[in-house]
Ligand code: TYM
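In structure tokens, one chain follows: the form predicted alone.
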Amino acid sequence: MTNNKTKKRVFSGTRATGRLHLGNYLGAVKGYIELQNREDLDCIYMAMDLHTITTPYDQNTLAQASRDVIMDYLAAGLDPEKSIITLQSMVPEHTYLAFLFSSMASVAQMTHLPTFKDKVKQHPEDVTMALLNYPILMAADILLYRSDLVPAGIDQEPHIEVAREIARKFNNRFGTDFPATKRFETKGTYVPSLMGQGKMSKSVAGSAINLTDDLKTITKKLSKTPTDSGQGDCVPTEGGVANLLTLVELFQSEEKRREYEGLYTSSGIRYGDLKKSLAEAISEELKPIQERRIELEANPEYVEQVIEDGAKKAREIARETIKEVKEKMGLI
């Protein structure tokens, strides 16, 4: 298989399970934007609607949810002139290559993945073949474009290792030259949950502030963050108070955080004032993104054109990969 790439290729995406939140933005999308601006990289970013249907979903809202991801991408700063931006399902070669890859992956391997076991616990009544094949489809997503780098958290490392293993097997057996894809750490920021434990997540109710939330909504969400009396000998290093202070540092300043820490060990923090000030700072940061999103919502034809153009560009790459893989496998 001949690889004509002159630049390294980046692939990443977001499941269409809800609006993007601050954690997605600071932890991933800002990193995507930095990567798309590098001259040595070609970037492909997608709304992963096929991955969305591997767990229970609402078929009545999926199409809009997928477009919401695309609009959030564009509003945050991803540029269709610099990156391929589209929907996973618009490129049917993803599922075709996934089936070819499934011939080299064992059921035992898939069932032993920790991510599969976690999903089985979450959805014991919905353990489908699509869920079992999730890592194989992800391998196809990545290798269809011969992607060198995948911006992703450490929790995705087992899936990326599956992609590397499939690539090695195909290369050894069929003489392909799929790359040994690497997980890439962007300069993303860890954004803590509003609920006091872990990071912001779509799947944990009340833990996240969406990019589309207005000041009133942000204020209401922050009001539910658990706190304490506001005073003590030592500033908490975990839980709701610690997470609030991290958010203060992210959206106000390190100096403001130190000021609150000083109050905690002296006269005490008034959490109502802290949360009000923090909500205003977050709202101010999100305002330009929200303004761009309103423009996009008013111009659905442009959003569809971005998706169509992105799919066309992606399929040009994908068709070449499929043709060469089929030749190597003896299918044509």
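In this text, rigid core is short for the largest set of C-alphas that superpose within 1.5 Å between two forms. Here the structure is a predicted model, which is why all the values come from computation and not from measurement. Just count from 1 along the sequence shown to find any residue number.
Quick note: we don't show the form predicted together with this ligand, though the next part is all about it.
J.: Whether K216, K220 and K275 jointly form a contact site for this ligand in the model of the complex is the question; each needs a heavy atom within 4.5 Å.
T.: Judged in the model of the complex, none of K216, K220 and K275 sits within 4.5 Å of this ligand.
J.: Counting only non-hydrogen atoms, which stretch in 171-179, 76-84, 101-109, 144-152 is within 4.5 Å of this ligand in the model of the complex?
T.: Result of the contact check: 144-152.
J.: Look up in the model of the complex whether A281 has a non-hydrogen atom within 4.5 angstroms of this ligand, and give yes or no.
T.: Contact with this ligand, no.
J.: Is it the case that R257, even though its partner is missing from this view, gets within 4.5 Å of this ligand in the model of the complex, heavy atoms only?
T.: So R257 does not count as contacting this ligand.
J.: So, G23 and this ligand: in the model of the complex, are they within 4.5 Å at any heavy atom pair?
T.: Result yes; G23 sits at the interface with this ligand in the model of the complex.
J.: Considering only heavy atoms, tell me if G31 and this ligand come within 4.5 Å of each other in the model of the complex.
T.: Residue-level check for G31: no, no contact with this ligand.
J.: Tell me, out of L97, I166, V191, V241, which residue has a non-hydrogen atom within 4.5 angstroms of this ligand in the model of the complex.
T.: Of the candidates L97, I166, V191, V241, V191 is the one lying within 4.5 Å of this ligand in the model of the complex.
J.: Among Q197, Q156, T128, Q231, which has at least one heavy atom within 4.5 Å of this ligand in the model of the complex?
T.: Checked against the cut-off, the match is Q156.
J.: Since the partner is left out here, which residues of 9-30 would have a heavy atom within 4.5 Å of this ligand in the model of the complex?
T.: Counting only heavy atoms within 4.5 Å of this ligand in the model of the complex, the contacting residues of 9-30 are F11, S12, G13, T14, R15, H21, G23, N24, G27, A28.
J.: 2 Å or more on the CA of V150 between the shown form and the other one, with the rigid core superposed, yes or no?
T.: Shift of 2 Å or more: no.
J.: Superpose the two forms on their rigid core, then report whether the C-alpha of N243 is displaced by 2 angstroms or more between the shown form and the other one.
T.: For N243, whose C-alpha is compared between the shown form and the other one after core superposition, the shift is 2 Å or more.
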